[in-house]
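Below you'll find only one chain, the form predicted on its own, shown as structure tokens.
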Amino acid sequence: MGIYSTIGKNVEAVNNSLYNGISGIGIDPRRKEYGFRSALTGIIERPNLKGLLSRRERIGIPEQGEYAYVATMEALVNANIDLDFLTKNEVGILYGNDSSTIPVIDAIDIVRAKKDTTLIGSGSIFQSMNSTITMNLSVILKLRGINLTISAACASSSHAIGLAYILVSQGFQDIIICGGGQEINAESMGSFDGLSAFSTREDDPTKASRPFDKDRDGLVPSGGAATVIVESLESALKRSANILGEIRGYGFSSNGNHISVPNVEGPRTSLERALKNASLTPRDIDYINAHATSTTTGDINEGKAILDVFGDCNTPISSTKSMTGHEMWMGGTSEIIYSLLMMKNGFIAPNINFNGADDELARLNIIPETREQNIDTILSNSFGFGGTNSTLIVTRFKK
């Protein structure tokens, strides 16, 4: 695994933030200049890839692609996979991404101002397509396997892992690079802000993201990139790889009604399908990393779905979005990484800023402070606009 996040630029830094409940939320002044209702956002520094990538490679890669490159290189190092291995073996890539805003805006600005499309530049098309991350990384890394972008709103990178699980388990590929990347610029967030979806608690940014808390007032947008290497057991054992966990189940569904308002039935189906696919019961799950973005309807309906499936199991739950904000297309993979780190290091990361749940969710076992606990099986939810739902179950690998 590898990650470039608002709570850390690598796995070690992210683990420290998770354990200590450190928020990555701050203020972006440009959003106020643009007239945004909310200037709250995850804060992240653009990586400097000069010296790491050629000028030609840098021209074609957008903001979220930069994050994805850094996260993927860390994941490959941790997996003991180098460029020589990638050129000699068939390795695929499935990456979640559902927007690439700045290159589109920049290109249109040039055309409007100069009335000359030749001035847009040769890299613009490669930056502006939704498939920008997979097309860039597949060329940079010389990949020859599956090469596909998963575009499914905030469930994108969770579905990427789920589809990799299917392809690997069915023998189509031995190794697939999976993940999600999310741009974090103001330009990509204007329509969300216009929907009044964001928290306006700007007086104390680190307290703004409040999943499941009865006093929440909206989500906080965020971004970065996260990568995991999904590999067949036979391939991993042959390479003596450091196996982080075993994907046991993948569930999915579509709500089939409102384009932006989630329901209970869709998430419940996704949960039930993941458990059935894993041949596990609700009591086998040690920890749930909830999708919970800090919106009223979303949190309540996910909570009701969890209660419908898990009943009185009292399964520990937290939403790491309380620290990171909503990482959108990246979130499905980053939250698997956050959960794997908890499993590896024996703790449950806190749902910070939680002071009490809505009456309907009073039976949920929300963890507001870091808890030392052995975890063998985790479940992670990711839901998105259009009613797309994804649930992943990962267990500790036991030889």
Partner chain sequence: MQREEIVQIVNQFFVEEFEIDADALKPEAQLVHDLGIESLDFVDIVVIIEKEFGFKVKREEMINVKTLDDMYKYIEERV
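It should be emphasised that the depicted structure is a prediction, and the values quoted were computed from it without experimental measurement. Residue numbers count along the first chain shown, from 1.
Just so you know, the form predicted in complex with the partner chain exists too; it's not on screen, but the next bit is about it.
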query = Counting only heavy atoms and a 4.5 Å cutoff, which of 116-124, 263-271, 192-200, 310-318 contacts the partner chain in the model of the complex?
reply = 116-124
inquiry  = I'd like to know whether residue 58 contacts the partner chain in the model of the complex, with contact meaning heavy atoms within 4.5 angstroms.
reply    = yes
message = Since only the chain is shown here, I'm wondering whether residue 46 would be in contact with the partner chain in the model of the complex (any heavy atom pair within 4.5 Å).
response = no
inquiry  = Could you pull out the residues of 30-53 that have any heavy atom within 4.5 Å of the partner chain in the model of the complex?
reply    = 50
